[in-house]
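One chain follows as C-alpha cells, the form predicted alone.
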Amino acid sequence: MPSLQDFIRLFGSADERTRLEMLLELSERLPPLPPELEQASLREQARVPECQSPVYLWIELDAQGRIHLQADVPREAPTVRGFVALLREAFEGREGAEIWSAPPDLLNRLGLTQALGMQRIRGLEAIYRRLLAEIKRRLAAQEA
C-alpha cells in the first residue's frame, strides 16, 4: 500500500485536473463498512461533524500498535470519499508511531487547497485532524 509520502509525491507531480481525477478513482477503492459498525449508536460516535458530507471514521490500534481504519462516506460525495480512501490506504496497517511524522498541512502538500473550495477544504482538514487526534489519543491510552 502506498504511504502518505507516496501520495504526496504522486499528487504533487500532477496538475489540478489530474489530482481531482485521482481522488475520484480513490473514491471507488474505499471498502464497504463492516456490518457490525452499522449500528446507529456506533455511527453517531464516529461522525465527523465539521464535514458537510456525512463522514464516519472508526480508528483502532491493534496490540502491535498498528492502525486500522474503517470509514463510511456516501458515493454522492466522491471528493470527500476519495480523500478518506487516500487516508485509509496511507495509514492502514502502519504503526501508530508513524503518525508523528504526518504533515499537518497535508491538503496543501497534496495540492488540493488550490483545486477545492474553502468549505470542502475545511471539511477535509477536519477529517484529517480527527484522524490524527484519535490515533494519538489511542497511542497514549495504549502506553498507559
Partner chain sequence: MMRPYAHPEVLVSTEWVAEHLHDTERVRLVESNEDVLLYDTGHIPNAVHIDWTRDLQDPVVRDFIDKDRFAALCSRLGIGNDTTVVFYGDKHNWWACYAFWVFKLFGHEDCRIMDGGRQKWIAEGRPLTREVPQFPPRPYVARDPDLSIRAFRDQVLEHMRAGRPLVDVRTPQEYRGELTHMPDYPQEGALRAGHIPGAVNVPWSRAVREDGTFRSREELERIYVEEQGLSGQEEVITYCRIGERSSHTWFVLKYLLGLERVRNYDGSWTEWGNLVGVPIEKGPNP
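These numbers come from a predicted model, not from an experiment. Residue numbers count along the first chain shown, from 1.
The form predicted in complex with the partner chain exists for this protein as well; it is not shown, and the discussion that follows is about that form.
Contact check for residue 70: every heavy atom lies farther than 4.5 Å from the partner chain in the model of the complex.
Shown alone here, residue 119 lies within 4.5 Å of the partner chain in the model of the complex, counting heavy atoms only.
Contact between residue 14 and the partner chain in the model of the complex is not found at the 4.5 Å heavy atom cutoff. At the 4.5 Å threshold, heavy atoms of residue 10 stay clear of the partner chain in the model of the complex, well away from it. The candidate spot formed by 1, 105 and 110 is out of contact with the partner chain in the model of the complex: none of the three has a heavy atom within 4.5 Å. With the partner chain left out of view, the stretch that reaches within 4.5 Å of it through heavy atoms in the model of the complex is, among 62-70, 48-56, 34-42, 87-95, 48-56. Within 4.5 angstroms of the partner chain in the model of the complex, the stretch 73-90 places a non-hydrogen atom from each of 75, 76, 77, 78, 79, 80, taken in sequence order.
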